[in-house]
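So this first bit is one chain, no partners, the form predicted alone, shown in structure tokens.
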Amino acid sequence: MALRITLAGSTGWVGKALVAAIAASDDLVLAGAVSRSAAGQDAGEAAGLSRLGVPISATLEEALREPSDVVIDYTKPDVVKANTLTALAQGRHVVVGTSGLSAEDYTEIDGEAQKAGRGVLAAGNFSITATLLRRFALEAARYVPDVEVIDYASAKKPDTPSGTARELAELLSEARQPATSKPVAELTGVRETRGGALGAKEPVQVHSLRMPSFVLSCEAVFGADNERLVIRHDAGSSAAPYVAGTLLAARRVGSFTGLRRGLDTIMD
């Protein structure tokens, strides 16, 4: 039986690519689509495809009137949390591709997922190579305690840092030993130039650049005595790298209960 998908953000950059991939899949079916700006249109036609017979809803609540198994969210930072909680309350598993959620938000979502007996898979980046960036950086953090994250994105990206950088910094905070750099509180001058600290255990400094010519890039910079290691991921202008990872998450999110963060948590 095909897995039924409700897609929130169906006319966005990644959303349109997901509509096409779901339509072409043998084991997935688009049960509902959400886009406030395209409400009433056919989801296939709005994505540049032939008609699919799936009308776009203005809200997730409306789309969930049609039975489905998994909600995929590629919307905006100011609505993704509410969408996730709504989906859980309606008995759906959830794949979160939207960035902007805090550690506190994820804690709340995990609690609601546990109560609902549903799975949530959230990732700052669903591309395979971005997942490898995270894996390699966490391995390096076992041996090199000094690490900072630099996050690059377009001039119009509203959230800082990106979900990729936030997730990476929070995980590095748990994995690394105390840094040898002078604490920010002891610095003189403009302390804000040292970036923002993320992570509960050993906070990691994160620096976000927002300017034209960047799509999405993230790098972890490790420094040791007389040597340095930089692990970097660069995304191109196509949404293709995120599609395969997102659909893998949709297929596997029903196999566990509660929240998991990162595509690597479901990869063999």
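When you see a residue number, it is the position in the sequence shown, counting from 1. From a predicted model like this one, the values you see are computed outputs, not experimental measurements.
Another form exists, predicted in complex with a small molecule; not displayed. Remarks below refer to it.
Looking in the predicted complex, is the small molecule within 4.5 Å of a heavy atom from each of Thr11, Thr75 and Gly124?
-> Yes: each residue has a heavy atom within 4.5 Å of the partner.
Give a yes or no for Gly119: in the predicted complex, does one of its heavy atoms lie within 4.5 Å of a heavy atom belonging to the small molecule?
-> Gly119: no, not in contact with the small molecule in the predicted complex.
Would Ser68 sit within 4.5 Å of the small molecule in the predicted complex, counting heavy atoms only?
-> The answer is no: Ser68 has no heavy atom within 4.5 Å of the small molecule.
Leu138: heavy atom within 4.5 Å of the small molecule in the predicted complex?
-> Although the small molecule is absent here, Leu138 would stay clear of it in the predicted complex, with no heavy atoms inside 4.5 Å.
Using 4.5 Å between non-hydrogen atoms, is Arg51 touching the small molecule in the predicted complex?
-> Although the small molecule is absent here, Arg51 would stay clear of it in the predicted complex, with no heavy atoms inside 4.5 Å.
Contacting member of Leu133, Val79, Leu85, Val144, with respect to the small molecule in the predicted complex [4.5 Å, heavy atom] | So the residue touching the small molecule in the predicted complex, by this definition, is Val79.
Since the chain is shown here on its own, which stretch among 181-189, 168-176, 94-102, 108-116 would lie within 4.5 Å of the small molecule in the predicted complex, judged by heavy atoms?
-> Contact-bearing stretch, as computed: 94-102.
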